[in-house]
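A lone chain, given as C-alpha cells: the form predicted alone.
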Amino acid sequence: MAATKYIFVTGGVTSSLGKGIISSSLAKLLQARGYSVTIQKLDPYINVDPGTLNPYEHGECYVTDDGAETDLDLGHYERFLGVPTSQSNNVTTGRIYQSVINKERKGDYLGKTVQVIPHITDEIKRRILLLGKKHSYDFVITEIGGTVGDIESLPYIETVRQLRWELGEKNSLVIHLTLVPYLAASGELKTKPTQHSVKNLLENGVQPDILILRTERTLNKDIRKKVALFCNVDLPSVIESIDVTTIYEVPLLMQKEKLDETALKKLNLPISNPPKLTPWKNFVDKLKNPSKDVSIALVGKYVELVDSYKSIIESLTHAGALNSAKIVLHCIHSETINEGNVDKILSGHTGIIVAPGFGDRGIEGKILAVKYARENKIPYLGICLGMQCAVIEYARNILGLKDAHSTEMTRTTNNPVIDLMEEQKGVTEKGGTMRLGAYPCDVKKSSLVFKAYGEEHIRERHRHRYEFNNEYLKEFESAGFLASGVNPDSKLVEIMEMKNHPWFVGVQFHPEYRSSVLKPHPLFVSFVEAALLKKESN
C-alpha cells in the first residue's frame, strides 16, 4: 500500500457515544488484516493537555512512553492495538493555538494577519499528516473530539473538509457516529436526531461516507433505508452499533456489520485477507464466561467518576480474563474510611488496591486501607500515591515514626519518608513538569515482582513529583520492607514489597498504562492470582 489512508471519525447528537471505541475497533480489524494502523485524538478544549485537569472534569489522564499527558481515549487505542502511542497521537486546541501564536511572535507569517483559516486549519492539517509521514502507517484514524455543531469543533470539521479535497476520495474517509434513541412512550426508534446531525456536517461541507448508529434496539431494514436516503449514503454504509456487555465485543460486532470491508471498498483497497481475530475472540469468551470470581476493593478519592481510574479497571479486566475470573470491583471513597469502620468496609475483599492521586484529601483513609491489608494478609497493590501511603503506614506503625508523612501533605514533618525530587524543588508551574513517561527499573531476582515479570530489566511509565526518601531505606529494609525495584540511573526506589506477607507490592510507576487485551500486565495478573488464592484459603 503506497499512500497513507486517512479516516476521520466524528460524533453527533450527544457526547460519550464511544467514538474512541469505534475508532479502536476499526483499527483492530484493519490491524488483524495485516495493515499498520495508528489512531489520533483531536481534542477541542483550550487546555494544552489534560495534565492539569481535575479527574472529575475529564476522567483519567493517560501517559505515553514519551511522557505526553493525554486524553484517556489513547488508553483504549493502546489496549486494543497493543501499539504504543506518543505525543503526536493527541492534539488539543490549546496546543494548536500555542504553536501558531509562537510562530506569529517569531515572525514566521511575515506580517500577515493570522486567522483561523488558513493558519489554524493548516496547523491542524500538519499535525494530522505528520503522523502518517513520520511512521509510514497504512492508516491514520483521526477521532475528532466533541460533537458536530459545537463551536469548539468547527476548525477541526473545516480541516477535514480541506483534507478531503486535498487527499482525494480514495485516500480519505469520514465516519459519523450518531445516536438513534428509542422512545418508550411511542415504542419507536427515532432517526431525526441523526438526520439533523448529518445536516450539520453538510452545512460545514463534509459528507459522511459511513454512518454508525448507536442504539439499544436492533435497527430494521426500513430504518436503515430511511437513514441512507435522508443522509445521502448507500445502504451498506449504515451500520448498527448496538449496546453490548463489554467494549471488547465491539470489534466483533463491527466485523459482523462489515465496517472494515465497507471502509476498504470505499478506499479502493482489496478485502481478500480476512481479519485474524482468534486470540481476541478467545479473550472475549473467557471474559464473558468466567469460572470463578474475586472481590477487589479499589480505594481512591475520585471514585464517583469511574473514568478517573479507567486504565486500572481495564487492567483488572485483562488480568481477570487471563485467570478465568470475574473481577467484582468495589470502588471505595477513601474519605469514608476511618478507624471505626475500616473493618466493616474492607472485610470480604480478597484484594485491595490503593489508587494514585494528588493532595491530602482522603489520605488518612488510604493509609488505613494499607494497614488493614498488611495486618490481615490481604493481597495489596499500591500504585504511585498508593505505594507512598504504604511507606507512610509502615513508617508510622512498624518503624515507630509516628509523624512520618509525605512533604506533599505536611511540609514540616520531622520524618519525610516521601519527599519532593531534588529537580522539582524550584518548579512552580504545574503542567508537564512531573517525572513523566517511561523509565528503566532493575528488579531484584529474589523478589516477588521478579516472579511476576520474569525479567530483571523493565520499563514503566511515571507521573509524579514525590519519591521515596532514600535516607530511610536501610531502616525500612532492616524491618522487612524491601526495595525490590530501583532506577539504575537515579537509584530512586520504584518498587517496594513486604516480607512475611502473601502479596504486598507498592509501585511508584503506573503499570496500568502498559496493560493490553492480548498482553495483560504481569503485576495485575499476579495480583489477581494472589487474590484468588486468598479467597480459596478463606
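All figures in this text were calculated on a predicted structure; none of them were measured in a lab. When you see a residue number, it is the position in the sequence shown, counting from 1.
What follows is about the form predicted together with glutamine, which we do not show.
Engineer: The chain here is shown without glutamine. Which stretch in 315-323, 240-248, 79-87, 350-358 comes within 4.5 angstroms of it in the predicted complex, by heavy atom distance?
Structural biologist: Result of the contact check: 350-358.
Engineer: Check R463 for me: does it contact glutamine in the predicted complex (non-hydrogen atoms, 4.5 angstroms)?
Structural biologist: R463: yes, in contact with glutamine in the predicted complex.
Engineer: Although the partner isn't part of this model, could you tell me whether C384 comes within 4.5 Å of glutamine in the predicted complex, counting any heavy atom of the residue?
Structural biologist: C384: yes, in contact with glutamine in the predicted complex.
Engineer: Do E408 and glutamine share at least one heavy atom pair within 4.5 Å in the predicted complex?
Structural biologist: Although glutamine is absent here, E408 would touch it in the predicted complex, with heavy atoms inside 4.5 Å.
Engineer: Under a 4.5 Å heavy atom criterion, is T142 part of the interface with glutamine in the predicted complex?
Structural biologist: Heavy-atom contact with glutamine at 4.5 Å: absent for T142.
Engineer: Going through 482-513 from first to last, which residues have a non-hydrogen atom within 4.5 Å of glutamine in the predicted complex?
Structural biologist: The stretch touches the partner through H510 alone.
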